[in-house]
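Shown below, as structure tokens, is a lone chain in the form predicted on its own; questions about how it binds or moves come after it.
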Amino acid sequence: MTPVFRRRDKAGACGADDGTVIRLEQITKVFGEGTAQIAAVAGVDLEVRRGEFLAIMGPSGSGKSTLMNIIGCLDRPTAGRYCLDGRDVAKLDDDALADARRLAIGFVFQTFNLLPRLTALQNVELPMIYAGVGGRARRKRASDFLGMVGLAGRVTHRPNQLSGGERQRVAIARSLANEPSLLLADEPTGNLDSKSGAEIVTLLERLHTDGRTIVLITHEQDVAQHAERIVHLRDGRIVDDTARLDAAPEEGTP
């Protein structure tokens, strides 16, 4: 996957390409003014490398939604530096920010955000239309992505003809349409039953195995455990950053 910012000039670069997709340096987001100020995110340092599967956890009010909005270029931090795929987000103009949201980041939301009048195929095509992909090419790519998520037989179905799990699969296929550098999933199992939720988590694991970079926002411990690394937020700060322990024994252990 070619990082989208390689297509643009080098202004705003964040240093050499070292395989880091996300680099947050002392990211802070403050809401309110004067004595009513609240720091929803307070000095977060975080790196996510290409091909990593990271889960961000925290209770309500921990700052994880605010942090997700910053990572997704949906909001700007009050202070700190955010480098996305080698570019300083603060130095991007409106067009480059739109490119980031459209091309560099694939979004998966709890509520699916599918257009009800469009078929599954048309929903997956939509990001490619905005990216200027031609009709024949985008239809083939949309069909291929729907096949990848197990919906080859549902391409002409509209969202109200699909189960919740199938709608989330369409949303995941749509998020992959422009081959983004980062897949950002916000509570992707939150509106699903346990069986459908488990299937979505398995799909995310498979995408990670295929080399995709995934940041998963969740409050569910059993969902987060499928990531290879878990970051815990509390009161806007990282209180724990733990790699998942593999079952394989260490080298030299009988």
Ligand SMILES: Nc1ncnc2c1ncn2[C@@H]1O[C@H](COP(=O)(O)OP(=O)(O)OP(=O)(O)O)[C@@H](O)[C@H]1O
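The first residue of the shown sequence is 1; numbering continues from there. For clarity, every value in this text was computed on a predicted model and none was experimentally measured.
The protein also exists as the form predicted in complex with this ligand; that form is not presented, and the subsequent description refers to it.
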Based on heavy atom distances of 4.5 Å or less, which listed stretch (202-210, 224-232, 56-64, 43-51) is in contact with this ligand in the model of the complex?
56-64
In the model of the complex, which of the listed residues (110, 143, 178, 122) lies with a heavy atom within 4.5 Å of this ligand?
110
Your call: residue 67 and residue 110 CA atoms, closer or farther in the model of the complex versus the shown structure, by 3 Å or more?
closer
Since the Cα separation of residue 69 and residue 110 moves by 3 Å or more in the model of the complex, tell me which way: closer or farther than here.
closer
